[in-house]
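For reference, the chain that follows is the form predicted alone, supplied as structure tokens.
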Amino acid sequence: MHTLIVFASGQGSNARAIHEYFGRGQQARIGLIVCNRADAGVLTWAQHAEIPTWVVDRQTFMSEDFLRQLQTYQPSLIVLAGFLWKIPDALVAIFRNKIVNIHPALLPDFGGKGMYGAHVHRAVIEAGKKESGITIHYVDEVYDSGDIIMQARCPVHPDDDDLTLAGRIHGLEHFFFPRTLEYLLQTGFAASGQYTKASSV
């Protein structure tokens, strides 16, 4: 069985979607949730789901001990699911093409430092875009610049605000993220700089 390590900072809705999806079979499981906020909702959920958690401060996150401990889990993938800290270069180097992030917009637009959650959705609306979506990509040393694995799209309606658009984006995330992870685990897919586009129904 594949082991996933999930990094999350918030409520953990994507972690839950992944857990529920793989809970149907024996292909993968979440072996650890790493969180940088002691008050994050994902920790309460993980406790109920009996998934081990590790709350890290910045110093621990940047340490060699942190890297060594992660390696003991022998993860097939490290999954960033709403994690707001930049991944250290040393961690990227050790787990090259094994760290996957989901971004709530169609990269390369609306990416970079500080572009997460409502900030992204407001920027998309203010730019007058007719569509938005999600991008699932590998993580490298630069914010939101790793090779794209897949994108899924949804419309932006004229009366949208950041909350209504977020709801549509979350629907894409919860459907496509676990299925994309499954594809990577099944195929051993390597980063190629190409991506598959999908649209919401």
Ligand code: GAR
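Position 1 is the first residue in the sequence shown; the rest follow in order. Predicted, not measured: the structure shown is a model, and the values here were computed from it.
In what follows, reference is made to the form predicted together with ligand GAR, a form of this protein that is not presented.
Between ligand GAR and the residues 115, 94, 125, 87, the one pair within 4.5 Å by heavy atoms in the model of the complex involves 115. For the chain shown alone, residue 11 is a contact residue for ligand GAR in the model of the complex, at least one non-hydrogen atom being within 4.5 angstroms. None of the heavy atoms of residue 106 is located within 4.5 Å of ligand GAR in the model of the complex.
In the model of the complex, none of the heavy atoms of residue 29 sits within 4.5 Å of a heavy atom of ligand GAR. Within 4.5 Å of some heavy atom of ligand GAR in the model of the complex lies at least one heavy atom of residue 170. Contact annotation: ligand GAR lies within 4.5 Å of heavy atoms from the stretch 170-178 in the model of the complex, the single such stretch among 152-160, 58-66, 170-178, 43-51.
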